[in-house]
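Below you'll find only one chain, the form predicted alone, shown as structure tokens.
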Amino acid sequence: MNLKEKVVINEGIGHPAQGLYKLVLSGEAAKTARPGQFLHIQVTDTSDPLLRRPLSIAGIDPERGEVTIYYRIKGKGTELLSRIPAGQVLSVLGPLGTGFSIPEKGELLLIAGGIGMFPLFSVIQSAEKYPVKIKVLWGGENKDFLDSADLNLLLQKGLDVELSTLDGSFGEKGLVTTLLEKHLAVGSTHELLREGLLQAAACGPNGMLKAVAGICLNSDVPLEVSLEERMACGVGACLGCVCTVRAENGGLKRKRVCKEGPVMNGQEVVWDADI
């Protein structure tokens, strides 16, 4: 679990103002990684910053022994990570957490907000092995962001993709939840639901996930969500990333996002819990 991974690629992608990077690591992680899991990466050899950075896995290539991660510079840790050159070896914990389940038939509906698309890249990679129709709904800030965040990767695969942007510069103006409501209103979607052939997965800001979960719950669409929480240990020991979920008996209980998640049943998460 405590690995030494060699940096193959660590470079900015898209427009520099977006602060997006692609990191490819070579080593043992690729042998066991699953879509939705994450790597806990130490970005310096010192104790500053003290904590590792949890980054979701976006691509898995067991034959080459490589995993791909996309990240956005958000603070000191990711800024330091962006300076690490190819050839350097990093201390990595992982692959950690519980990943997405991949259907082998029917339709897989993927809903992403912003950089929440990155973990879903690995879901697409795995689902392509099966006769599954993949539908992608992706909302971003603007066209520049979507282009920088590797929209072309989805288009090159010929996937069915619908886009929204907050400023209306590309796709539909507004939130990705509007696209979701429209898609679920289509008659063919109802037929898939009746036959148990529709499954959804979502990743993005918690506010978006809460809205997506509400829409899917109202339409009886099975949904998995990847939660984002601040993590310390990453292995379930410190309890610093717990969330509240609905237990089978109707009560509430805590789950560790790093250990039982980050992927959870979207209909069991209690989004506004205060216990």
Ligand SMILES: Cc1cc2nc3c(=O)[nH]c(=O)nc-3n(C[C@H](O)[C@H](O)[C@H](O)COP(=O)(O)OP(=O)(O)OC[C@H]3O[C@@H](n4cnc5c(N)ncnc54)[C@H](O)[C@@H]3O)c2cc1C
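These numbers come from a predicted model, not from an experiment. All residue numbers refer to positions in the sequence shown, first residue = 1.
Keep in mind that the form predicted in complex with the named molecule is not shown, yet the notes after this line are about it.
Only one of 205-213, 23-31, 50-58, 246-254 lies within 4.5 Å of the named molecule in the model of the complex by heavy atoms, and it is 50-58. Looking at R64, you'd find every heavy atom of it more than 4.5 angstroms from the named molecule in the model of the complex. Using a 4.5 Å cutoff between non-hydrogen atoms, K133 does not count as a contact of the named molecule in the model of the complex.
A residue is said to contact a partner when one of its heavy atoms sits within 4.5 Å of a partner heavy atom; W138 fails this definition for the named molecule in the model of the complex, lying far away. In the model of the complex, the named molecule stays beyond 4.5 Å of every heavy atom belonging to V123. This chain appears without its partner; in the model of the complex, the one residue of T178, S91, S148, T78 with a heavy atom within 4.5 Å of the named molecule is T78. Of all the residues from 108-128, those having a non-hydrogen atom no more than 4.5 Å from the named molecule in the model of the complex are I115, F118.
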